[in-house]
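What follows is a single chain, given as structure tokens, in the form predicted alone.
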Amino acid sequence: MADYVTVEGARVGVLMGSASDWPVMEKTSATLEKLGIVHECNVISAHRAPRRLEAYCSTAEDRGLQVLICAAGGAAHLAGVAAALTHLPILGCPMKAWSTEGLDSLLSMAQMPKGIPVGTLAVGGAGAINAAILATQIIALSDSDVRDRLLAYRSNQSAATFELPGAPGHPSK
């Protein structure tokens, strides 16, 4: 048995360098659920469990994963190491850590060497949600059902932009 969680039918793997990343990455999971994307979530530190990360990444495609979302703070090497271990798209979510409000994490993910790309999102919650949407967009390129759900999500998101619950002339939710 692997020492990481696998979910039957998962198309996205959400990896965190530490359990302390979960309060932010829970937004990724919730957004993927809203979009109907089966996914799995694991804590696998690139520094503390490199062999576990290698095992996870080397089996990801065979298990049906199409995209990996990696969240880490500080040195934030998880996304880069994962990108070196698989050809699957890697989306990086920089976390605020103990210094620089996440700038260190952002730069670590964004400044990858040529040939090992990490699609890096914003620091924190906005990036976590956008990673889920971007992963869904990637999957939607080859799955019309996912595309339909994505378009409905975006339409609902656009409609909600104009709502002012409780304001005169606007219906409350």
Ligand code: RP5
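The first residue of the sequence shown is number 1, and the count goes up from there. Model, not experiment: these values are computed from the prediction.
There is also a form predicted together with this ligand; it is not shown, and the following applies to it.
Note that among 49-57, 66-74, 125-133, 33-41, the stretch whose heavy atoms approach this ligand to within 4.5 Å in the predicted complex is 66-74. Remark: M95 counts among the residues lining this ligand in the predicted complex, judged by a heavy atom distance of 4.5 Å or less. Contacts between 11-29 and this ligand, taken as any heavy atom within 4.5 Å in the predicted complex, involve G17, S18, S20, D21.
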